[in-house]
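Starting off, we have a lone chain in the form predicted on its own, written out as structure tokens.
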């Protein structure tokens, strides 16, 4: 599989003179908006940006403020990378990088910083083998190192014999909050209306269009709607679908650790790293906090209510600090700052991106946490393509069949 070019298919989201009909109901009455987007996190802000950029009348609704810290799209750093263990998402990454760079050029904002990336695991690890095979298949340059070679090149790591690493240069940092704020600002620049502190109670099909019920009591109508509610998606989907979507919301946390030699951990010297340890340790060079690197450890055991309180998980933090002490000898294992956050994922970690199976004017986007932020600008483009193309039309450079929402209906047994 070759890398996907950005313009490998017609851009169905481009607004044309004839597409004003999308803003008409079955009775011929004009609707207020071509598109209503519920949720202004990474995915929703990207969809609003692409739709407004293409000339559509867009309303973007957010229950909190833009860039809020209650969901999964905030903070100063997210990983973006070519390296994946299968060609599907990996092949999209050159075009995804291109979209981020286009947004930087259009807005003047600095959003993406390349750092290079190290991907480390035991010799026999299937994930790392898949990453190497994918890089080779797609022709992405990379370097392979054994444990001894890794220690020579990067003495900041203390990995045991029997480990190996891949280095891939097309890895970097996205400034998440700045990305969201920039996409919202550019959507507004192209004419989108943005309402913050505006909770959505329901998204309902209305003939060939959609009615969105707001907590204020107001109803707004549109030709199409995109539901991008992050950790709150399950509540909307339970009302919209006749089958369940197993979205799991877990509390995660990131921690910042001071380093002994800041020059050794600066961008350009110390890369982003991801390991295939059982606990999935990953981290960043110094970026957000002077003299400190950001390190995290994924957990899957603790599910939470997205509206519940956020507290530091001391057990998870102790495990993280022990790994820092073991594998990062130049880092003080006592954290200087800890931040809880949320993941929302499906069991396979495949995203949910699809039209409603019975009401294609509603497009659903969910389950992006963990690895999704890097893809948001591409997912937003895909969502707009789905919203304004025919109900049975799937394609474009960013579509994958694993996104279909009906995969969950097919695995459930109907009840009498």
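Here the structure is a predicted model, which is why all the values come from computation and not from measurement. Residue numbers count along the first chain shown, from 1.
As for the form predicted together with a small molecule, it is not shown, yet the points below apply to it.
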| query | finding |
| --- | --- |
| Interface membership of residue 71, the small molecule in the model of the complex, 4.5 Å heavy atom rule | yes |
| Non-hydrogen atom contact residue 374 with the small molecule in the model of the complex at 4.5 angstroms | yes |
| The small molecule contact at residue 370 in the model of the complex, heavy atom, 4.5 Å | yes |
| The small molecule contact in the model of the complex: residue 88, any heavy atom under 4.5 Å | no |
| Contact residue in the model of the complex, chosen from 167, 343, 257, 327 - any heavy atom within 4.5 Å of the small molecule | 343 |
| The unique member of 79, 121, 220, 286 whose heavy atoms fall within 4.5 Å of the small molecule in the model of the complex | 79 |
| Which of 222 to 230, 147 to 155, 262 to 270, 131 to 139 lines the interface with the small molecule in the model of the complex (heavy atom within 4.5 Å) | 222 to 230 |
